[in-house]
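Just the one chain here, the form predicted alone, laid out as structure tokens.
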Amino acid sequence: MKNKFFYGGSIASHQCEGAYNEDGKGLGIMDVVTVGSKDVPRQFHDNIDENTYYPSHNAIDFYHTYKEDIALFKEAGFSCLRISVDWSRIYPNGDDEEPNRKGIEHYRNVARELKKNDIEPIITLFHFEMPLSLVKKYGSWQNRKVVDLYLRYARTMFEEFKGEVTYWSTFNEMNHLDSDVELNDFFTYMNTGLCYSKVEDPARVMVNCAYNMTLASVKAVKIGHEIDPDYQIGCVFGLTPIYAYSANPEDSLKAFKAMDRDWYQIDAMTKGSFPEYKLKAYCDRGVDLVIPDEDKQAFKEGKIDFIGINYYSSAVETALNLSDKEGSFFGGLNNPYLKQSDWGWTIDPIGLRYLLNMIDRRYGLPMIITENGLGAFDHLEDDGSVHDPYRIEYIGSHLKQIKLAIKEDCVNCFGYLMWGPIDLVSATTGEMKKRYGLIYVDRNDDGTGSNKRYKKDSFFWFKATIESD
């Protein structure tokens, strides 16, 4: 990995595929989530309401347009694309006796199309896509049975794609499932299909879910390495640098603890054991987690090969009660020194260099930026052009900091994958108008539109940037 640097993007199946009920796919947890907005939270339903619009049902129809879209990615100069497999396409109910062959063949076709276009695929096995029946039947990740079913699904994928795919990610951003704090329903549901506000004894449920997902990851890594020693298997984490609000030492300690919450799973997946400090935190919340010897062995044997980093913004923390200050989406407070996106996320390119240095010094593993992007309002002109200088500025400033981290700080970062290289459904709001892509998709929040693709100014800039690097 030291001799190559990947440029490309990341997408997730529930945000782009559509075709939610085609070719044997079962219902996934995101198939019953409504559209929302910056100010109106998405709603999570138990079943499909025929009078409600669910963005994942159609999304941008990547399921049928993947060849044309991959051709656009190639034109933009991509050498890598991270995709996710929807678990409910492979095992529609999660516990089916046999996998759905049509689902496997679809993803095989996508992977082969990428390879044909000289684009390296990275496959994420869990990107908020879980068979809904596993939630209803087993109670989601709090049940160890779901760990076993995930491992069977992972084994199926590792065996089916041996010799065709090299890079894998076990999970995406499960670190936001934090049992140390009271979570909102959004982060809980995305990872588990459960709503925090509706769960009895939520602290215990969140501990069990977070631990079992971490265990599932290390066990999957061991299975993958046994099937093919050449597999490079990592995990993707959503990480937010947290700065002290002031020079007050209490602010510094508060900031450190707030940021450290996102790291315990990386520790567990790289250091060979589940961290004692997290077990102590569980005890403080009234949950005594006992780790059996079998699990201890699994943590020793299932270390990840690389760390995927999803980075969008930074935040600040203080020990003071500053209720009048604006809260950050991922926790903490918004930094008054930084500009914000249209959706209120702070823009901090230097924060990415800071983060890369911290991870490099703490773990010494190869890293790849798996998500980084700007959600913004874009306007499609009458001639089919989209002028988005703000996106060019955002991506360019972050690429500059990555280059400094590699060249001056000697961090081992082997790629930059922007989030949403093509406009897709926003996970946080369900909107289409929150656009991230280099490629504009004519699709509206209510599902209307021609679905036609248009190249934005940033598309041509990104292509030129890669060619000149």
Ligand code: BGP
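Model, not experiment: these values are computed from the prediction. In case it trips you up, residue 1 is the first one in the sequence shown, and so on.
The same protein also exists as the form predicted together with this ligand; that form is not shown, yet it is the one meant from here on.
This ligand in the predicted complex is not approached by Ala405, whose heavy atoms all lie more than 4.5 angstroms from it.
Although the partner is absent here, Tyr416 sits far enough away that none of its heavy atoms falls within 4.5 Å of this ligand in the predicted complex. This ligand is not drawn, but in the predicted complex it has a heavy atom within 4.5 Å of Glu173. Taking the partner from elsewhere, Asp360 is found to have every heavy atom lying beyond 4.5 Å of this ligand in the predicted complex.
Contact annotation: of the candidates Arg89, Arg391, His127, His398, the single residue with a non-hydrogen atom within 4.5 angstroms of this ligand in the predicted complex is His127. Between the options Tyr189, Trp345, Phe274, Tyr245, the residue in contact with this ligand in the predicted complex by a heavy atom within 4.5 angstroms is Trp345. Contact with this ligand, judged by heavy atoms within 4.5 Å in the predicted complex, is confined among 307 to 315, 360 to 368, 346 to 354, 104 to 112 to 307 to 315.
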